[in-house]
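First, one chain by itself in structure tokens, the form predicted on its own.
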Amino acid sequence: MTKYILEMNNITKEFPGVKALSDVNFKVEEGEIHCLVGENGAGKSTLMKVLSGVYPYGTYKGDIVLGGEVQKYSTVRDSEKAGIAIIYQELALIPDMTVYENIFLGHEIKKGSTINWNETIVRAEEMLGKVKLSVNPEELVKNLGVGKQQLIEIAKALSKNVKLLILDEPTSALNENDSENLLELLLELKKQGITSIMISHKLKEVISIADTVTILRDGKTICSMSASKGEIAENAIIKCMVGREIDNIYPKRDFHPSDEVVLELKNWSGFDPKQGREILKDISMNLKKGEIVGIAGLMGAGRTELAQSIFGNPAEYRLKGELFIHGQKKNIKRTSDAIRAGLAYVTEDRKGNGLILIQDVKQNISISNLRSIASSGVINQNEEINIANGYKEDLNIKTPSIAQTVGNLSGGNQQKVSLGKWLFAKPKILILDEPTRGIDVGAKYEIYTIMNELIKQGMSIIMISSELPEVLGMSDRVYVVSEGRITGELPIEEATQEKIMAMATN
């Protein structure tokens, strides 16, 4: 008889104007890795927040059964006491505290009424050993990379005697090596008897690691698939996720870019005074009208720094070299100059830098070009509403209304709002930094279709991406960046993952 560590029965959760979960049933076997997948807005994170006590008992309908007993969590601390730990996409570490302080934050080891720091450090080293992370426990977290911080989060969970570990998009911000290490760790934890639930949009990872896959769509349970029965396959998962088959994730284009160069960099270099080092080194590249140029490279190679240096240099690098737009040399000192020159930049960090999460969809879209809908400093609200509704329809932003707070939208729909914001600025050149990070395959297809439509209309796009299949599937040309330099340029006909990785590690 199958032994379930967790059963969530007929879970229904509503927000004002939205039914996020509708009679969801979700069962997890003891000691398995169970992947939860679905489109953005399908209800995955909401379901896990119900499970972990973020949404307390009484705010939802249905039952949570853990270890055979019905649970009624009032707070996250209640679920932690029961052996549940959840690690979110945005890590909950305190950068200016040490590794050991972060691991035991909130459940400090005490001797009497004071914290036993020596014992804390020793126990922290034990936890770091369990996650196979070799760092000094006295190191400040802010000095460590994202991959190591992710492992510290897991060490923190293990220090609480976790039985059920929940990871929400754990590899979304990791490079390929760190992602592989994390997946191997989950397999190792499985051997130690720890059950894991992983939310992920990366289907290849899901297929490689999952014992069971459960798919949600529109707040409902669609199906569960078992690896032991050979049911887990990419096409089957996609069909259940989006309700249709997507034969080609990268939509084909039936047109080609012109020979007209719209942006060119010559001997472009940048020094970061905060880091005290050169982050861009003698870069020369160009972008043609109606072209998508992919920028590939490892994390930390200088891709985002390159984008920001072009888009008004908000990080205040010391720049050298020449920038030409439509053949004219430009001296762009601030982002407002870049916008006037026809540039737009959709940041990789949509929540931190791309959107104002406490404001609504309408305000986020209009903010990039308020002058165009204002007279004597007063915004024409009717025009603002019409414009926002237009982008809601054109970009298929799934929201009850444009008055919805952006922070309440799914990641994919937040990304569409961020894109709509910059399209309203009427750019000729669009820089997309990790345009599909943390969004599902259906939303990715919509973003790619929008990109194709934009270049068909004459726009030109620079696309930075850590996903090599995305670079190969959407680009006309590829530049590879390594340690601040361009180490290669490939027409898409000649580009392969192997060639790009060889150049990225050069």
Partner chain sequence: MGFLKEAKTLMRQNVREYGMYIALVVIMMIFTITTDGLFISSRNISNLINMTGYIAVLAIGMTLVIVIRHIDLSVGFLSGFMGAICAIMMMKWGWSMWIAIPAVLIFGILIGCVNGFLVAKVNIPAFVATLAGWLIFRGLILWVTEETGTIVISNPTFNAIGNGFIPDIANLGFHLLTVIIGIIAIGLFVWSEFRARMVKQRYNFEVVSMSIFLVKLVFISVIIAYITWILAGYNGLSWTVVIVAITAFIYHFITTKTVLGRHIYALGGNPEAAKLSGVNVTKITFWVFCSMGMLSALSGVLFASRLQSATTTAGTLFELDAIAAAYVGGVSAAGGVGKVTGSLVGALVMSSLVSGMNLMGTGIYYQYIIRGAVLVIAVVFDVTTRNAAAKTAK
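Positions refer to the first chain, counted from 1. Only a predicted model underlies this, so the values are computations on that prediction, with no experimental measurement involved.
Not on display, but discussed next: the form predicted in complex with its partner chain.
Residues of just one listed stretch (107-115, 127-135, 420-428, 251-259) have heavy atoms within 4.5 Å of its partner chain in the predicted bound form: 420-428. Site annotation in the predicted bound form: the residue of T98, S179, S269, T335 reaching within 4.5 Å of its partner chain with a heavy atom is T335. Scanning L167, L355, L216, A210 against its partner chain in the predicted bound form with a 4.5 Å heavy atom cut-off leaves one residue, L355. Although the partner is absent here, K191 is not a contact residue: none of its heavy atoms lies within 4.5 angstroms of its partner chain in the predicted bound form. Taking the partner from elsewhere, E384 is found to have a heavy atom lying within 4.5 Å of its partner chain in the predicted bound form.
In the predicted bound form, its partner chain sits beyond 4.5 Å of every heavy atom of N175.
Although the partner is absent here, C223 sits far enough away that none of its heavy atoms falls within 4.5 Å of its partner chain in the predicted bound form.
Taken together, Q363, S368 and V378 are fully in contact with its partner chain in the predicted bound form: each brings a heavy atom within 4.5 Å.
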